[in-house]
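Before any questions on binding or motion, here is one chain by itself as structure tokens, the form predicted alone.
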């Protein structure tokens, strides 16, 4: 091996992986073109679309839910879920701060207050004990987030919700196909919300869906999302000041074309995710997140690890990520605590959340759809950076 090939790519060496070796995302399937053309030619483009109905039925069937309503995005699905329980001013909803801001924004938009409980350092999911400590007379709901596709401890949260008579809403934005025990997430609680935004494991660029097994909640959600209409009433009868959260037929068509591939993608992501984690956990200073004993399957929207610069000669995470990107691995930093955002007031820092945001390294879901040998090369790239970490510390990269 030449000297240039051995040294870090960020310093002029050869990368471990060429970018072209990775799969592309979103998926460029020929079926998508055919599905869109069918909508253009034969379907309603919005209200009354067969494509929308087909997708709702297919996704409900896949996630083992009785009812589903496809929406414009997951944020409005969260809003609709809260509105279905008449949660509003004076009410509190417990959530993790290690999540996308939409989890909190939906609560604020219905007039309620997000209350942040700390996360479990094993999984970065909302901690049930910390959640129970935050319950008070104003608490109306809990929203556990299946972070990165790794299921939260739903048995514990179902027990808490029953004990305190609280709504249980799953933020499953990153978790299609994830399983807790032998059940798919999303309809284990009262309601579950999924995202089809462009980075997600199933995507239409934008989009979302809300699932439930409760017929009464299904009817109320329909009112919230479809301009206050009921499931069986006349078109211009509006019983609730609902909004228009309807998904388009074009988004549904794109999603329908991917549904036959979804289970294969989910399985491959977990197979590669587990294999990669076996390699990475052998690297000193690297810790992959764990899962609960009752977790049946991680959907791996993200492979999340904790990075310890002390085992990399003190190499700051920012420099580490730049060096890893140069080696051909698309890894990124992740969330800031939601309570640190300017629209949140009077919230104290949470120690495990702070540590997660300091240490986190994310590897994206599309990389886990690659051939197995790229998992080996990913670990090789990290070891290469570790071997040259002292040199990299001294460089302006």
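Residue numbers count along the first chain shown, from 1. Nothing here was measured: the structure is a model prediction, and the numbers come from that model.
Not pictured, yet referred to below: the form predicted in complex with a small molecule.
At a distance threshold of 4.5 angstroms between non-hydrogen atoms, residue 141 is out of contact with the small molecule in the predicted bound form. Proximity of residue 85 to the small molecule in the predicted bound form falls outside the 4.5 Å heavy atom cutoff. Residue 298 falls outside the set of residues with a heavy atom inside 4.5 Å of the small molecule in the predicted bound form. By the criterion of a heavy atom within 4.5 Å, residue 62 is excluded from the residues contacting the small molecule in the predicted bound form. Only one of 100, 320, 292, 218 comes within 4.5 Å of the small molecule in the predicted bound form through a heavy atom, and that residue is 100. Note on contacts: among 174, 212, 303, 131, the single residue with a heavy atom within 4.5 Å of the small molecule in the predicted bound form is 174. None of 131 to 139, 70 to 78, 250 to 258, 233 to 241 except one has non-hydrogen atoms within 4.5 angstroms of the small molecule in the predicted bound form; the exception is 70 to 78.
For a residue to qualify, one of its non-hydrogen atoms must sit within 4.5 Å of the small molecule in the predicted bound form; none of 276, 307 and 364 qualifies.
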